[in-house]
Every structure is written in structure tokens, then in C-alpha cells.
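First, one chain by itself: the form predicted on its own, in C-alpha cells.
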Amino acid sequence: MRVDKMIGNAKLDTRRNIKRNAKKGALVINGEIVKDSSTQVDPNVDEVFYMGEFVEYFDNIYIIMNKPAGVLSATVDEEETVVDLLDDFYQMLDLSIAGRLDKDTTGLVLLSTDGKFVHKITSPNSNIEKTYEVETKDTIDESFIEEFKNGVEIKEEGYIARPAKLEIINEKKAIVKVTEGKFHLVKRLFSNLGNEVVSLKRIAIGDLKLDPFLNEGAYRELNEDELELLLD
């Protein structure tokens, strides 16, 4: 595998920084300075140091899924969960869900063995936008755009939601972007303004978009380019 991927998996730095620092002599493989961060190594044989720190190899798993309706965003439950949709190999792993969805909400879900990754995706402090396609029962009033921007009062919880972005597509369809993941948040943004969400689908997390070729219930591991969108 590429040595920059090995270092990235160990969460020591981003690929961009690894490339730059390697050129400055920060990468040592088997006792020799290597300035090409794309150099191939065998993690089980080669000894790698980066910025003076020994690089321990472990290969985390990162899965993207197109969640269907009726399935819980949970790892264990009496009802069917997203983990139940996985092959036996993945079910044996210690997976966590990075960004849960309501039972009746569809779309992009991430699962990973990487706890730091999961925390980054889910923490409001990361300010990672989650993008949703929304269909509503009634016509969406244009005043909602400013209401979302200013922060909608969630009366049943007694708090003001973080500013959100609303783009109206047509009378009853919109794109919503939020940076927090409170329970039923998107639905509550609308309900507290007098409208009801009848269909909700997450189509992106940050710059990572839902794969249009991934059918509902299908999943695959993220490729390196997709992972880099979320790790940088």
C-alpha cells in the first residue's frame, strides 16, 4: 500500500501534509529518508517513521450505505438495523454509525471502525453540513428561507436551532443543509413553522455525495478520494 495511506489510516496527518513533509525529510522507511509519499510499503514488514513517530498500521473500514426506509440507524436492536443489511464479514466488526437517520428517513449513512472519524462527522463542532432532499405536505413559504438562516425556535425542546440553509426547488420540495444532528431536526424545523415533512432523504455529508448507483439497502466501502473529502 502507499505509505501516505498507511500514515493517514493512523490519523497522524492529512495526505496533503504528508506529501509536503516527506519532501522535507520527515518520512523514514527502514532507516532511510524517503521523500516520495506515494512509495509502496508492506505494513507487516516495513518499519515506517513519520515526523519522528513510529507508524502503527491498522486498516479501518469506512462504509457508505443508501439506507432504506423502515430500518433503524443502530448497531443492535430487536428491529432490523443498518448493520443487519451488511455481509457477515462486516457484521463481525466493531462498527459505529457516523450520522444516524430516523427510521423512515432514507439516504446516505456512514459506518466505520474509526472512532475519531465517527466523532468528527457527528460533532456539531466540526460544522460539517448534512444535505437533505425534503418534500412537504403544504407549500413552502419563501419566508422559511430567512427563518432557517436566523435559527428556528424548536419549541418542544426549548432551544434555537443552529442557522440552516433552505433552497426551495418547487412548491413542496426543497434542499436543506444543517450542521447539527438533533433528533428529528429537519422535520422539526418545518413543523415549528407550520408545515409537515412527508419525505426526507439525506443526499450528502460535507462534500461526499450519495452514490447515485447505490440502490436503497446497498453499500460499499469508500474509495480513497471519497474518504479524503471527509478526513481533510
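So that there is no doubt, residue numbering starts at 1 and follows the sequence shown. Remember, it's a predicted structure, so these values are computed and weren't measured experimentally.
There is also a form predicted together with a small molecule; it is not shown, and the following applies to it.
Trainee: Pick the stretch from 57 to 65, 44 to 52, 29 to 37, 185 to 193 whose residues have a heavy atom within 4.5 Å of the small molecule in the predicted bound form.
Mentor: After filtering at 4.5 Å, what remains is 185 to 193.
Trainee: I need to confirm a contact call. Of 82, 98, 95, 101, which residue comes within 4.5 Å of the small molecule in the predicted bound form, counting heavy atoms only?
Mentor: Of 82, 98, 95, 101, the residue with a heavy atom within 4.5 Å of the small molecule in the predicted bound form is 101.
Trainee: Find the only residue in 136, 112, 105, 131 having a heavy atom within 4.5 Å of the small molecule in the predicted bound form.
Mentor: None of the others qualify; the residue that does is 105.
Trainee: May I ask you to check whether residue 200 falls inside a 4.5 Å heavy atom distance of the small molecule in the predicted bound form?
Mentor: Residue 200: contacts the small molecule in the predicted bound form.
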